[in-house]
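Coming up is one lone chain in structure tokens, specifically the form predicted on its own.
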């Protein structure tokens, strides 16, 4: 593998400098993330890898504006976001970031279309204004025709596709995917990663895939590795890029 970084021609989408998260105080303080510094360019397809307890989920939560750093800075598209009020962070999160989790978190009593529309409705849009975009997204993910089914009628693979469609509805600049195939079989795992790559190429959406599985990380173009809260590696994946 070769060392990486954002070149001068690439526009940084995310910039983390000295990002640190400490829980507790004094002798009981726990440093979950310690001085993480890296950047993500627009349209990148990369992995954050680390074992359980390495700090990767804490780092993901800070990148997703779900948690605030104890120290350091975080910028999106050049603008500092670390000190924003809660309401502004929520608005920015809804506009720029999509989330896909290991558990799909669909509302079982709602239809597929209602679940997909949820981010837009939270942002104040009218269903009629974004319905066409939702249908287009379902079509991209190969599940158009299921929009009137309740979420509890779907298979595991279908549910995760709906969760991906929901994450993409507002056309985010980046999708943060936390162990997104942890509950899927091999066939559905392959399908989900193929979809991620297709979306990355066709829509230009950046992806950060959080995983503990190195074989999953090898499917991305760049791997950031975290251990004991510290970034210990940031490399291009020569398996896919052919080296440097």
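Residue numbers count along the first chain shown, from 1. In this text, rigid core is short for the largest set of C-alphas that superpose within 1.5 Å between two forms. Nothing here was measured: the structure is a model prediction, and the numbers come from that model.
Keep in mind the form predicted in complex with adenosine-5'-diphosphate (ADP) is missing from the figure; the text below concerns it.
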query	finding
4.5 angstroms heavy atom contact with adenosine-5'-diphosphate (ADP) in the predicted bound form for residue 186	no
Partner contact for residue 199 in the predicted bound form: adenosine-5'-diphosphate (ADP), 4.5 angstroms, heavy atom	no
Proximity of residue 218 to adenosine-5'-diphosphate (ADP) in the predicted bound form, heavy atoms at 4.5 Å	no
Partner proximity in the predicted bound form: residue 32 to adenosine-5'-diphosphate (ADP), non-hydrogen atom cutoff 4.5 Å	yes
Stretch from 199 to 207, 186 to 194, 39 to 47, 24 to 32 whose residues place a heavy atom within 4.5 Å of adenosine-5'-diphosphate (ADP) in the predicted bound form	24 to 32
Partner contacts in the predicted bound form for 47 to 86 (non-hydrogen atom within 4.5 angstroms of adenosine-5'-diphosphate (ADP))	51, 52, 53, 54, 55, 56, 57, 58
Rigid core fit then residue 212 CA moved by 2 Å or more between the shown form and the other one	yes
